[in-house]
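Let's start with one chain on its own, the form predicted on its own, as structure tokens.
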Amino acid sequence: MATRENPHELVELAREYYVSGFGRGPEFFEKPGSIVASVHGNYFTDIFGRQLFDTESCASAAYLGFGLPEVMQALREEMERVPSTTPLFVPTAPLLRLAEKLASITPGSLKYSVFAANGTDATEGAVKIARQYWKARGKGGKFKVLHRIPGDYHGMSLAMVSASGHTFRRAPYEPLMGGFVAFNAPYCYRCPYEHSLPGCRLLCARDLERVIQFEGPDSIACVITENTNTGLGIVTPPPGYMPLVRDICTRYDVLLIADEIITGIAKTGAWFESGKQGIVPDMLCIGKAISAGCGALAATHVTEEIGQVLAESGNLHHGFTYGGLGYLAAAGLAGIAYVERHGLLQRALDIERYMGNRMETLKSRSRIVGDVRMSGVLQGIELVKDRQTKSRFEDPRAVAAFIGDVGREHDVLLSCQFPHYGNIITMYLPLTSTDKELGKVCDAIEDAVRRVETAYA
């Protein structure tokens, strides 16, 4: 039996030797939940012995919770057969089975998978594939990448930071890469054009066409976008937005890349949110949940036509030493099978309905709940100081920390992830959440909202 680590010693080690990649200072490590000792089901236990319900399921990676027996068994069995990467980095059987399975659950003609180690690899791979595709088609002048601001987040490499909608992630690394051009993301609650539906006629989507015309279609390789803008606080697209974006890209011969690293694999009530939105992108970026949260696995999933062009042009010179580990593919397949066996696509919609009812009721009673946004288990509750003006709190970081502290009092991890955009409680709830657990989360949010009203509004 392993001896328990001294929590105070670990806090000091974190302060002295560890740099967090997510903007957290040394004071963070004294908080409950800051250093994890163990995980099980939908909960994690920190080094202080505090057990918390994880409303973020590791940013949607652990979408079935932690340590699901069926997933762990598949992982262990394949790890015993092939415990690492392979000679020449060739595939194993589970990876090929996963590629076949992805082709069966993704929309339209999406078929071929290029496997990678993490989501950044998948999105950057998509951009590289887009440029190679156009060169193979004799249109090498098509190199520009259009991306949305604010919010849309596509990864941590310099290229993907250049495609980011987060100023705080871009500014420290400027000058950024050339060839990346921004256009406005939809945000109906705070419309950048100061319009509203239906009178706006989806100006946010139609503005993409203006940008394409200005830049010149012959210079544009692709548009990369999420469906629901998770990086802006779970901002769902207005009805008709994604089909119109798809239509514009088709008319101007521009590839559409859908980043579903967070939204993909059952979490929105469909296997992929693109299918839910009624579109077929040219490429689909998949990560996080693809391994059922067991490790770093991702994929750039492309249409049959793109895959064939790549093959005919000498294939793709793009890959990673650990891009496509077989034991992670086995875990991912077991996770997908669990979703199918237990009807969890429907469960995502049931969770949305349960949480939606509670949060809309809270909104009707609270003067600081400005907007409630949901797509399956992906959920955002935007808090404001004044609902009439939609004004934000003067010190959003203090409010975010306060909400986190109240959540911990209820043994629930609550996160106001991006205080740069105000105070938005964001959640990526596990598909395995019970109604009792959802009730516990709602109780924590309602208490936090009530106390923020008293202390800050």
Ligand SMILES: Cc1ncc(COP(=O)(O)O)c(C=O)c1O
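The structure displayed is predicted, hence computed values, not measured ones. Don't overthink the numbering: it's just position in the shown sequence, from 1.
The discussion below concerns the form predicted in complex with the ligand, not included here.
- When contacts are judged by a 4.5 Å heavy atom cut-off, residue 226 counts as touching the ligand in the model of the complex.
- Mapping the unseen interface onto this chain, residue 113 falls outside it, with no heavy atom inside 4.5 Å of the ligand in the model of the complex.
- Among heavy atoms of residue 150, none comes within 4.5 Å of the ligand in the model of the complex.
- The ligand in the model of the complex comes within 4.5 Å of a heavy atom belonging to residue 259.
- Contact with the ligand, judged by heavy atoms within 4.5 Å in the model of the complex, is confined among 140 to 148, 303 to 311, 259 to 267, 190 to 198 to 259 to 267.
- With the partner omitted here, the residue from 230, 274, 164, 375 that has a non-hydrogen atom within 4.5 angstroms of the ligand in the model of the complex is 230.
- The single contact residue among 155, 380, 326, 323, judged by any heavy atom lying within 4.5 Å of the ligand in the model of the complex, is 155.
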